[in-house]
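Subsequent text provides structure tokens for two forms of one protein chain, presented individually as structure 1 and structure 2.
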Structure 1
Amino acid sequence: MAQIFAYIVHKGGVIDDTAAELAVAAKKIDASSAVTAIVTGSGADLDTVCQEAAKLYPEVWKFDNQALAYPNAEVIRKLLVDVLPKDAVFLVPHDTFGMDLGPGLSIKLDVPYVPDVIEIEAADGSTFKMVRQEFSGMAHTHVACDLGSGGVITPRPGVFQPEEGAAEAGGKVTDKSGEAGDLSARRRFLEVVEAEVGDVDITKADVLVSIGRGIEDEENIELAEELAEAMGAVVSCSRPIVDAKWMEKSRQVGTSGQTVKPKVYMAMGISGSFQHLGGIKGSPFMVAVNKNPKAPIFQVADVGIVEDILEFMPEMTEKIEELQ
């Protein structure tokens, strides 16, 4: 099997949860492979990130360059083409950066590209069956992919969960900065525009009651607010609620909204698109309520309830209040 590499996403000296998830996905491809983590960036925080990555991977390649201070996919693509072996299998999370990086990288390396993967199964030799979701999760696509000569795969964040208490890898960090070639680019980083924080900061909440299309009408948001008050929670939402102008953008969870890390996440009438799930980190205890039994959210929920949220939420609110 070709050598496997995983790209480590990090911010402010802290590695993303997807770092551990990619290690799990890599083992699905080859359990005996010594997977190599790739860490790019610039500054003092990079050493901290590398040491954290070394707890998950047996080997870490560090690339420290001012041109890599911001994860510009155009720049990092050029770097990877220079340093990856010809038959490398490269994993990067299926987030906005991964979607920007992956397609072009697969073309440059002349290898298969499989995006938004939710399952990987060995099929025959170097051929693997990878499962993707289509039509907002309503259909599954099974893709046969030969990785014998390499490939670029973007696993969906939050799917390949690591086991609790996994042993640290005790990996070695190798500074490969000198191997970087020309890192010039036609586009350049200007600034980060932070999402507005409204009257409530959902990123700090331990418990979220999050509503989606199933709320049906703006007036019904009151039901979610009553449930949240009974639970000591905060109300958040998916993108359709913000698009309808029923709630502020600061309440939106997802790749185009806020990234949250609660202890408990109540998904009320939310289908479970990867854009929404991409904004949920830290493996919270997730309860999903949806009247569609085939909703994708049930595949990641700890507890799934097939019910109309307009009937469920008042009932749950009443039961909680009875216990107080």
Structure 2
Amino acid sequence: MAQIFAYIVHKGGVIDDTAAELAVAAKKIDASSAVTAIVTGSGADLDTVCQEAAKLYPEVWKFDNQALAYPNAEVIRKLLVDVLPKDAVFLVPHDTFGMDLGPGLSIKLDVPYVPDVIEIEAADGSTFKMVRQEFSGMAHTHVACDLGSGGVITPRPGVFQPEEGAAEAGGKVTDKSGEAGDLSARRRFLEVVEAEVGDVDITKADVLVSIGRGIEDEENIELAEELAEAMGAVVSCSRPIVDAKWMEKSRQVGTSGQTVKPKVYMAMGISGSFQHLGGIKGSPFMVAVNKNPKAPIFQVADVGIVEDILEFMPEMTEKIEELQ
């Protein structure tokens, strides 16, 4: 079986949760393989990251270079094409970095690319069956892929959960910085612009009434505001509401928005995409109201109600007000 590599995402000297998740995914491809972690970056933080990675992986390759200070996928792709063996199986999380790196890397390595994978099963020899979702999570599919001559796979963040209390790998860190070739690229990183702070901090709310595309019209947002007021809750939303400029970006829950930790989360007309759910932490009591009984959100919610939110919300507001 080909050698497996995992790319370690890190920021400010802290490794991302996906570092441990990729180790779990790699084991599903080859339980006996000594998986190699790849850590790229620059500066003092990098050694801390390598030490953390060595707790999860038996081998850690460190690449320290000023050109790698910010993870620019175009630069890192060049590095990987130089240093990876011909038949490497390469894992990187399906996040904004992996989505930037993975497709092009698979072309340059001339290997198959399997994006956003949520399960991996051995099938026949070097052929694997992997599970993906299509149509915003409304259908699942098995895809087959031969990894015998390598591959690039992007496991979905949050899916391959490590077992608690697993033994430390006690890995060895090897400085491979000298093996990096030309790291110039036709895309240059300039700076990161931090998200704007909004008028309301949804991350501090205990109860969120969160609206999605099911709200249908900007004028209907009032219905959610009235319900939230009656409940003593705050209104948050899914991405399409922000794209339509109906609410501020600071109200958006999800991987490209805010991470919230409420006690109660009311998903109103939200389908339940993984990017939306990725922003909800701390296992709140989740209520989903959706007119489609097959909406994926019902798989993760605690309580589901099949109704039109435009009728449901005003009735619920009225009922609560009656009780007060």
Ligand SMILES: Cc1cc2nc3c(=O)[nH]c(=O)nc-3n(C[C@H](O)[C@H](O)[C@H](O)COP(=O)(O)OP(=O)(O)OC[C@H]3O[C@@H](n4cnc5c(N)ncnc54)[C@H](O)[C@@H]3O)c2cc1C
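Between two forms, the rigid core is defined as the largest C-alpha subset superposing within 1.5 Å. Sequence positions of structure 1, starting at 1, serve as the residue numbers. Treat the numbers as computed from the prediction; the structure is a model and nothing was measured.
Matching the description of the form predicted together with this ligand is structure 2; structure 1 comes from elsewhere. Comparing the forms between structures 1 and 2, the C-alpha position of residue 146 differs by less than 2 angstroms, with the core used for superposition.
Annotation: Cα of residue 237 displaced by at least 2 Å between structures 1 and 2, core superposition. Shown in the overlay between structures 1 and 2, fitted on the rigid core, is a CA shift at residue 227 of 2 Å or greater. Structural comparison between structures 1 and 2 after rigid-core fitting shows the C-alpha of residue 248 displaced 3.7 Å.
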